[in-house]
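The chain below stands alone and is given in structure tokens; this is the form predicted on its own.
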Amino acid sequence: MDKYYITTPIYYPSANFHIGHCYTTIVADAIARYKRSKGYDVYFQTGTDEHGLKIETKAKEAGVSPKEYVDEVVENAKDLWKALDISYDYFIRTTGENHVKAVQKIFTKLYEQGDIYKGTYKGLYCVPCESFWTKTQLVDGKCPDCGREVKEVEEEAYFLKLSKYQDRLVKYLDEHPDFIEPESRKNEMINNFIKPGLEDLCVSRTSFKWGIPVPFDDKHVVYVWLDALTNYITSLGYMSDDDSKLKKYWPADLHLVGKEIIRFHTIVWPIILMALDLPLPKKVYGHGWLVINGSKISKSLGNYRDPREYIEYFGVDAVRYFVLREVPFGSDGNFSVEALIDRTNADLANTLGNLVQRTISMANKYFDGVVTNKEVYEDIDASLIEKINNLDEEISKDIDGLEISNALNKIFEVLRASNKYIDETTPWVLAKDESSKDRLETVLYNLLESIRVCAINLSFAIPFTSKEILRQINNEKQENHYLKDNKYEVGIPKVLFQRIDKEKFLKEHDL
């Protein structure tokens, strides 16, 4: 069985998560579910990056210890992932004992082999991003990632020799053109960061205490990127007594990260792995942001809401579907309640829900719910059947290319074609003529097969709805193509998605 190791970034739990965090995690979950459905041995990891000055400061302001502070946020995050039906296999916390011990061993190994050395750091530091910058990298004198003020700091620190591995990294990127995607991010990394020359990276701090202690120098704590990035291997048992998972799943097949941290995942992380003599991940994909009215989602802007509010009002699958379908992966995309309602009404209620309800209702009305294939075909059937049979291959290509929105659109093209097929075959007219009974049953059979195959293909995106559709048509055959010899004994149709009166909803709810 082929393995597939997929990761989200580990999120910073300085506050409860918003819909932007959900975006990456839903996409990763959809890919993991799809790969499982294709027989892969999937390992899907997410988690939290829990150290640093920002959390130390937040905890102090809240009057609790840093660990107490992050514990509360992490529990909230796990509850949110449960609400979103996220099927992760492992949730790593960088405060976990195994991770802490492994990071200390990694730091010591790199120090002893000469890849880490002690020096003095003087530079420009952004506290919220926990990133150092040179003057040339600033934008209008501010942090290029978040746009906030930076401050000059000077302190003793340990450094990782990025410069030592620059040529090797350039060679690797030349030989592995698909390592960084999309192409625009790769060009940005090469032209803006690598070609100008890599500066050695500060990997310890003395100005705060909330971090993993450097084992041979207790004045220092391990700085965020060496701590956070290594989570992808410490979770698999690297530097532990049991590294069987590491041998099984590493290298990762896909790291999904937001564009603001792709620099660390495509420059720092590969160099750490090179220094550790470990293979590099197969692909790092830096996606865009979900934005609200053109602004990045944040509490300080007042555009933050608990994602459970959206789930409560629209249902988990409507939220999942919107996130996966609305935004071409890689680009920034706008999140709005209005767009969520429009997408739910157009696709989930009108196209999908309407098709399922109409078809089951006709099967009950004309054949007491029992439908078999009488094979009275006409030319119009061939086109629909061909669309059904092409789905599996087309979706597979799109998912492999991380074109998830396209994959969903292909499924909905078949669903739209099925609704059109009803209008063109006019079952209600066929029902009036006894001699057309077998033709009518063939038409309904074709529709039920379309619904079954589409439900199977939708399971990676809207798992609850997929199961509910298969329950309503009372058929669990998993062949992902049109079957000629299936049999249906359908149940009672139940509304999958209620149409939402947008104007009324917006007046009644403060969203």
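Everything quoted here is computed from the prediction, not taken from an experiment. Numbering starts at 1 and follows the sequence shown.
Below: the form predicted together with a small molecule, not depicted.
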The small molecule contact at E72 in the model of the complex, heavy atom, 4.5 Å
no
Does the small molecule get within 4.5 angstroms of any non-hydrogen atom of K296 in the model of the complex?
yes
Is F497 near the small molecule? Define near as a heavy atom within 4.5 Å, in the model of the complex.
no
Can you work out whether R263 and the small molecule are in contact in the model of the complex, taking contact to mean some heavy atom pair no more than 4.5 Å apart?
no
Exactly one stretch in 313-321, 250-258, 377-385, 276-284 has heavy atoms within 4.5 Å of the small molecule in the model of the complex; which is it?
250-258
Check all three, Y34, W81 and P307, heavy atom within 4.5 Å of the small molecule in the model of the complex
no
The listed residue (L348, I86, A157, L229) that reaches within 4.5 Å of the small molecule in the model of the complex by any heavy atom is L229
With the small molecule left out of view, which of Y421, W210, Y125, W225 would have a heavy atom within 4.5 Å of it in the model of the complex?
W225
